[in-house]
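So this first bit is one chain, no partners, the form predicted alone, shown in structure tokens.
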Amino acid sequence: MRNVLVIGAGKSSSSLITYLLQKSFEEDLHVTVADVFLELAQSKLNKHKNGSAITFDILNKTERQMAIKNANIVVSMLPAHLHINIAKDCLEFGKSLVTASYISNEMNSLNDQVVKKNLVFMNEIGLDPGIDHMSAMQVIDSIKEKGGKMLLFESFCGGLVAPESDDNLWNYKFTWNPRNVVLAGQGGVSKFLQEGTYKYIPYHKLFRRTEILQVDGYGKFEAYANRDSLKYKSVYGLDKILTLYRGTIRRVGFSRAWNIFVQLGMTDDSYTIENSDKMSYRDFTNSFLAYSPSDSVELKLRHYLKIPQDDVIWDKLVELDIFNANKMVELKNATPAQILEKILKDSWTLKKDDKDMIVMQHLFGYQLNGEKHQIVSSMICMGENETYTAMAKTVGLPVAIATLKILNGEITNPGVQMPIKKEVYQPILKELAENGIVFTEKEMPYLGYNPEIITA
């Protein structure tokens, strides 16, 4: 049997492992799931006869290399910074590699060696990055093949709670790594193109400059700008485009409320708070406010950030228990961001029967035969429960499909790459559609850059 090694049994691996096991009989596969927690790896296999679980420590070179040497192909579902050691071992032992992560400079530096060994190192093949690349390139290539000239490309994606499980004022629950949500937008300015003009949004203004979008059947959403949209000019072959914008989707009103945490400094991850383990949630909130011998924490916060008592933002803050004197942080030497993450997990963790929802939308503006046109392409995916989430499905399925196609010699172009070539994205999108991940396209009059922008 051909051995597929899946390293990492976290939340996004459920649908990936299930897909490979379902294909294991007809494709002659054995699926080895490796994780630092053996019981977690075993739980994902559900006692399937064509699967086995092993303990895996990324820092144990002997253990790591033994597992990779015994595989026919390797899938890494670990955090992005841990891929490089796996990639170097795959190179040494002549194994192709699949990840859902962005291509790092270190990974990219291996390209010549990967090509020389005729291996495929497929990256950015999850949801975002991944499905966004493939679905966008399919439409862009189609427009170019007709002789069209691209004028505008906007792309949005978000992991949200499904309407039937939406039971908090923020209209949000964690469907991905909570830490990434808390730190979103940090580490640099957001850059994009608007009608031929370069635009920049610093972090402290990011959540007050949001774009409104409409998704048929699901209403209005908002999106804040991703960190660097400009790098997609060359990636997508859009060097002469006038508008290029990528954003993260939330329900309307989320960003304005989230901005309170940004302005207070609660999302900062650069320093630790003294005696954090002995603080209550109320103490934590108070630590960012001026001293007053008489005013309450609530009054100080409202005055400092000018929040009216009847503003829904106030209700959202109260709902999260940030003024609770009885709930304790219980984290030693924690950063503000780590403490905020713990507070949010209390309210935003998916319950057993909760369902999540993925929303993705692309806008394409182009000129053909002297006339301007616009296409809206949207995809909605609903999760089943807290294990088989829409996030796990949309991240894991494209990884699994690509893995099998590389293993079967259907994807052969060697090198460190992402799925932007037609021979890669076409068959994967076709199979995703067969599994319910479908884009609907709508032609509409050309509007140019969306004018519905909320600004501070």
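Everything quoted here is computed from the prediction, not taken from an experiment. Numbers for residues come from their place in the sequence shown, where the first is 1. Think of the rigid core as the biggest set of C-alphas that the two forms share within 1.5 Å after superposition.
Below, we refer to the form predicted in complex with a further copy of the same chain, which is not included among the displayed structures.
Interface residue among Y102, F93, Y218, Y200, judged by heavy atoms within 4.5 Å of a further copy of the same chain in the predicted bound form: Y200. Here is the short version: of I307, I84, V189, L169, the single residue with a heavy atom within 4.5 Å of a further copy of the same chain in the predicted bound form is V189. Residues with any non-hydrogen atom within 4.5 angstroms of a further copy of the same chain in the predicted bound form fall in just one of 378-386, 270-278, 141-149, 158-166: 270-278. At least one heavy atom of H204 is located within 4.5 Å of a further copy of the same chain in the predicted bound form.
Using a 4.5 angstroms threshold between heavy atoms, N226 stays clear of a further copy of the same chain in the predicted bound form. Interface membership of S255, defined by any non-hydrogen atom within 4.5 Å of a further copy of the same chain in the predicted bound form, is ruled out.
The shortest heavy atom separation between K300 and a further copy of the same chain in the predicted bound form is within 4.5 Å. Contacts to a further copy of the same chain in the predicted bound form (heavy atom within 4.5 Å) from stretch 287-321: S287, F288, L289, A290, Y291, P293, K300, Y304, L305. Once both forms are fitted on their rigid core, the CA atom of D283 lies 2 Å or more apart between this form and the one not shown. When two forms of a protein are overlaid on their rigid core, residues whose CA moves 2 Å or more are considered shifted, and T335 is one of them between this form and the one not shown.
Relative to the superposed rigid core, the position of the CA of D112 differs between this form and the one not shown by less than 2 Å.
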